[in-house]
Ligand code: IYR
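Next up is one chain by itself, shown in structure tokens, the form predicted alone.
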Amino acid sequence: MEKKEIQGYPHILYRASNLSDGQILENSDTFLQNMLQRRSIREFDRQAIPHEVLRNIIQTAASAPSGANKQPWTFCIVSDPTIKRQIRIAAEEEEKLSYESRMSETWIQDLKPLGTDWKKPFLEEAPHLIVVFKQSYGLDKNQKVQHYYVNESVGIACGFLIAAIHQAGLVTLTHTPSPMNFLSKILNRPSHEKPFLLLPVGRPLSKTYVPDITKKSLNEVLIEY
């Protein structure tokens, strides 16, 4: 492997794929068509997913870029039914309060087409939960290590994670109960880790319905200069 030093630090030669324009276009279109099939799913088959599949998905997420390469994330896979039950109970308590007193009427009306409410049975029904924590700072031999662009970095990793779940042929739902501090307590995470995102993961029920919604057209979201 060819190496060189840049500003006193080792670098390795990047191996480019050297694809033709046609191959690049084909790859981009294949990925686009696959991702256009992705949907948020709330009804899960209870069949467990092979552990190695879950590990591959997490490793894909952990390959994301991050501020100064500090990788300020922790991914927790929860498969234990007792812990999933605890998470559901705590999440529903927060969600019920949100629907009854925290959320505006406009917000509640905007959610109606999605068919969602404070009840979250998928937190128990999905065979696995992935809980993503952001690390406010790192620890090295009990010494604080500064992290940079934490929210941005973890957000990018979660994008990788959702794409990896779909690419594997599985489904998920982005769930962000607010506040989420109960996740730190239930999973016994250290104080420098804060819950960021909760994702149920599995296969969909054989007959699952999703909201009949569309995404904005490319012309609505793209500006070219």
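Quantities reported herein were computed from a predicted structural model and do not represent experimental measurements. When you see a residue number, it is the position in the sequence shown, counting from 1.
A second form of this protein, the form predicted together with 3-iodo-tyrosine, is not displayed here; the remarks below concern that form.
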**OP:** Look at the stretches 130 to 138, 113 to 121, 147 to 155, 76 to 84 and give the one with heavy atoms within 4.5 Å of 3-iodo-tyrosine in the model of the complex.
**Re:** 113 to 121
Original post:
Can Glu125 be called a contact residue for 3-iodo-tyrosine in the model of the complex at 4.5 Å between heavy atoms?
Top reply: no
Subject >> 4.5 Å heavy atom contact, Glu92 and 3-iodo-tyrosine in the model of the complex >> reply: no
Original post:
How about Thr176: is it within 4.5 Å of 3-iodo-tyrosine in the model of the complex, going by heavy atoms?
Top reply: yes
Original post:
Using heavy atoms and a 4.5 Å limit, would one call Leu97 a contact residue for 3-iodo-tyrosine in the model of the complex?
Top reply: no
**OP:** May I ask you to list the residues of 200 to 217 that have any heavy atom within 4.5 angstroms of 3-iodo-tyrosine in the model of the complex, in sequence order?
**Re:** none
